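Here you get one chain, nothing else, as structure tokens; it is the form predicted alone.
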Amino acid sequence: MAEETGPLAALMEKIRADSAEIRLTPASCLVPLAPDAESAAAAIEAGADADIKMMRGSAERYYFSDRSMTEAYAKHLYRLAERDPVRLIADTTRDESKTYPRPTPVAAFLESPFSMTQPEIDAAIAAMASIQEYADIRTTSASNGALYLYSATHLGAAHADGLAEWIEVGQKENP
């Protein structure tokens, strides 16, 4: 456990406070507490308590405390911070297909924490169809028309179809 005094303590306090407010802490926001973002990162990596976690983005490091935020939720916030809607949707879909396993309702991306617009979602799904890296992301629909995404790497088509139907229709008809 790190010593809870000095600059490192201030860095950890900031990260914990942001996490308690359901926010990631970009390394650039730690600059007021350290000479620069690299110094802050070095201090955290060298001596932070075990609850302080880091995710490295394309241009920024992000920190959170798992005392207040789960890693799964932090991943959603991280993907939002990276501002890549195609990757956000694909990675979230892959996680859901692998971890739970279940398809992801497209409507979920309209909700918090994603808060995307329908045109943003539609554009991202359309873009995925033409990028080889996302060839595993497929769509399925329930009989009520609800659209779902799944990763063919982790879910078969029949399984995804059946789960989408159960989530949308079966559960509601069998309380």
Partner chain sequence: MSVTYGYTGKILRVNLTTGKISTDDTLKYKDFIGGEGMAMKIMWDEVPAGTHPFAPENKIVFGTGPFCGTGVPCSGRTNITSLLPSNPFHAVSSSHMGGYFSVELKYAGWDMIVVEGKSPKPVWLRIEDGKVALEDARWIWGKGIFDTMAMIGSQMGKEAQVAAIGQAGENQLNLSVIRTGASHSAGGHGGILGAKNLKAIGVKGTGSVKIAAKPEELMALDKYMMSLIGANNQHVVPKNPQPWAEYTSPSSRWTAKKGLYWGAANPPVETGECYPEDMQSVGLRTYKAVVDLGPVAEKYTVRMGGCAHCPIRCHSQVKIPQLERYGMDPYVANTCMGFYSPFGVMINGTPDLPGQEPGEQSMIAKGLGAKLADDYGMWCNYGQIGRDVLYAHKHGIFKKVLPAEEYASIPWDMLEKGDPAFLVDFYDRVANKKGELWHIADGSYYLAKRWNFGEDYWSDYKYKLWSKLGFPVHHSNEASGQVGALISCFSNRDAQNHSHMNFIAAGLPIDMLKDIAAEEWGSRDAIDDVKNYKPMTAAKAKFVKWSLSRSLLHNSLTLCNWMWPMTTSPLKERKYRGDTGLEAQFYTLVTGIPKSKEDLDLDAERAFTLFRALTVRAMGTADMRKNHDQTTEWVVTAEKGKDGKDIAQFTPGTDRMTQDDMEIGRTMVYKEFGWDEKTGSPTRARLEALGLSDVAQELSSKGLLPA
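Residue numbers count along the first chain shown, from 1. What you are looking at is a predicted structure, and each value in this text was computed from that prediction instead of being measured.
What comes next is about the form predicted together with its partner chain, which is not displayed.
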Does its partner chain, in the model of the complex, lie within 4.5 angstroms of each residue among R102, G162 and N174, using heavy atoms as the measure? yes
Quick one: is E96 in contact with its partner chain in the model of the complex, heavy atoms, 4.5 Å cut-off? yes
May I ask you to check whether Y134 falls inside a 4.5 Å heavy atom distance of its partner chain in the model of the complex? no
Give a yes or no for L80: in the model of the complex, does one of its heavy atoms lie within 4.5 Å of a heavy atom belonging to its partner chain? no
Residue contact check: S58 to its partner chain in the model of the complex, 4.5 Å heavy atom: no
In terms of non-hydrogen atoms within 4.5 angstroms, which of the given stretches 40-48, 25-33, 65-73, 124-132 touches its partner chain in the model of the complex? 65-73
I need to confirm a contact call. Of A17, A152, I167, A9, which residue comes within 4.5 Å of its partner chain in the model of the complex, counting heavy atoms only? I167
